[in-house]
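A single chain comes next, written as structure tokens; it is the form predicted on its own.
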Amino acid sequence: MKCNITNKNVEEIMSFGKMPIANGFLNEKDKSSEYFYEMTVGLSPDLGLFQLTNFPKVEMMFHDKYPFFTNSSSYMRNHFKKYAEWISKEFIENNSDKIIEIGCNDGTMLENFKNNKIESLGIDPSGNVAKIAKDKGLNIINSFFSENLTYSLNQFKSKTKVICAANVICHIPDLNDLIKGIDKLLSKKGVFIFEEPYLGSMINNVSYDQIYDEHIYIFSAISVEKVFSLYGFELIDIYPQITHGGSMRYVLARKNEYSKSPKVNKILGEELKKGFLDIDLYMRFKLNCLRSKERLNDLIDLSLKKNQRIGGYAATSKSTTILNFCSINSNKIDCIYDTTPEKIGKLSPGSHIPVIDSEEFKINPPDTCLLFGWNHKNEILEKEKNFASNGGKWISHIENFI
């Protein structure tokens, strides 16, 4: 499937090879029919938009068995509680203001607004997580967000003070349709707030695992400003976040409705200076990705030569990119430890490494462990502090991260 964006001029940067569905953990019997696609990335120079140049149909990624639950991380629960409190403090003036969350997952953030008696609506295409949110008593629509959907939302049309999202907007292929839908729902002084993994952090960390089928775009301030300005919106504020190894929260409103924070021009200027619109920056990123791949395989091979047992920790979407790009399979890694019931007992996408209960990590730990959930490093290392103290070694595809 191709991106549906305003600017079709995309310069290809690199291919990560054949990739399966990142969250497509599978049973043994399904190995022979597993779906793969060529995962390539490119840059739209006019918009500064870093993106997948092709990807699977969204229905293959978001469905009734979507194996990711926001509530599973205590760190993220706390993050979204603070996110909701910040929105309420900065933008909600009274209980008549309405709020919509796009991609609400299991309702972890949205329930904070329910507690404050603010009229809210959550929209999510994955039936299983949407049901969990509904069971919390939240107002939920199980659907993909689109301009067409807004025609059925009369009570929110032109009356919504805040539309928010977190780690979701990068999933939506058609940014044109997204912004048209937002425009129909927001009130005159309404704001659109979303946060996503930040392109600058990905480049600095060489965290290429941020790139997978669900992450159709990796945004920068430049790309957000340029894309939304085509529809009469402007970036009025921006807040760096530490989540996901470095994210950015963007606040957008209709042009000339709010004063613009000085932070916006500061960060836009920094991005221009660093070459975010120049293809050379991304070609250097490509070389760094290849070097990272070589380094990780060297670390694994060194452990294997010492007859050490290697495991992986956290069966994340990101792990799919690492394992398949680096050609690491069950011949090198025995298993991946995880807490998600929907993944335990299955095989990792493409690499077919068994996923087992993380409780086994305490009982029979490996000698070396590849930390896939590096963006939750502090939470995981605190939980598994006995591993290192007993001689276990953590490794990561990100240099000097462990």
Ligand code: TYD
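Sequential numbering from 1, following the sequence displayed. Since this is a predicted model, take the numbers as computed values, not measurements.
What follows is about the form predicted together with this ligand, which we do not show.
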Identify which of H79, K226, K98, K318 has a heavy atom within 4.5 Å of this ligand in the predicted bound form; exactly one of them does. K318
With this ligand left out of view, which of S73, S303, N128, S146 would have a heavy atom within 4.5 Å of it in the predicted bound form? S73
Please state whether all three residues Y212, Y313 and H376 have a non-hydrogen atom within 4.5 angstroms of this ligand in the predicted bound form. yes
Options 51 to 59, 361 to 369, 65 to 73, 30 to 38; stretch whose heavy atom lies within 4.5 Å of this ligand in the predicted bound form: 65 to 73
Heavy atoms within 4.5 Å of this ligand in the predicted bound form: does K161 have any? no
Do I21 and this ligand come within 4.5 Å of each other in the predicted bound form, heavy atoms counted? no
May I ask you to check whether K383 falls inside a 4.5 Å heavy atom distance of this ligand in the predicted bound form? yes
With a cut-off of 4.5 Å between heavy atoms, is K343 one of the residues that contacts this ligand in the predicted bound form? yes
Mind listing which residues of 335 to 352 have a heavy atom within 4.5 Å of this ligand in the predicted bound form? Y337, D338, T339, T340, K343
